[in-house]
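One chain follows as structure tokens, the form predicted on its own.
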């Protein structure tokens, strides 16, 4: 794994995502120093994720606008029906391009664009899910020198997504949700 300090975090999840994210994100302090971009597979209707996590988290929780600049200490949830991408220069792009693995937003799309922008400073986390979205993106993070962590498939609500990421990333580590939270706190504490 990269020895470079973490500059940004991307998280992807699907089936069981709300519970897994509820075990991780509320533990992060209000002065957390890193931006976190999150893709959760949700239907195209309003997801309610920002409202739910804004009530639970000390960090700012937002559904970003297209071209919004990424700010440290904020959690960005991909809006339903849009891919969330990171552009060179540190802004967010929203795209209505075709679904990837039946998903829009797609974890692979976020992870690949963030890997291009942050390189070895990116930390990617693949949580519970029932398809393989995120595995190709996690491999892109690893290829550009970033770190990849996955929820332990043995304890995940749905093991397919973290198992697929582990299969594609030779340096990825599988951790419990508590250990993932501890890692994130250490990576972004001031």
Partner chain sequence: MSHTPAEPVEDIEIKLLLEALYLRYHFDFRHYAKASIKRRLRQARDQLGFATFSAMQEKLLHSEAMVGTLLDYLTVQVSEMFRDPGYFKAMRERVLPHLRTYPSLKIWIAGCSHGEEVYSFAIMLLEEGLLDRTMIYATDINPGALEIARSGVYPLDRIAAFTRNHQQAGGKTSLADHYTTAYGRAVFDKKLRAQVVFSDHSLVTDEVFTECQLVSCRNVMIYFDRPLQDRAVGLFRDSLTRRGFLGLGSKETLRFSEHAGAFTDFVREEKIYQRSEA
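Numbering follows the first chain given and starts at 1. Quick caveat, the model's predicted, so the values are computed rather than measured.
A second form of this protein, the form predicted in complex with the partner chain, is not displayed here; the remarks below concern that form.
The closest non-hydrogen atom of residue 132 lies beyond 4.5 Å of the partner chain in the predicted complex. Among heavy atoms of residue 68, some come within 4.5 Å of the partner chain in the predicted complex. None of the heavy atoms of residue 27 is located within 4.5 Å of the partner chain in the predicted complex. Taking the partner from elsewhere, residue 76 is found to have every heavy atom lying beyond 4.5 Å of the partner chain in the predicted complex. Taken together, the three residues 152, 168 and 180 lack any non-hydrogen atom within 4.5 angstroms of the partner chain in the predicted complex. Interface residues of 101-118, taken as those with a heavy atom within 4.5 Å of the partner chain in the predicted complex (partner not displayed): 104, 109, 113, 116, in sequence order.
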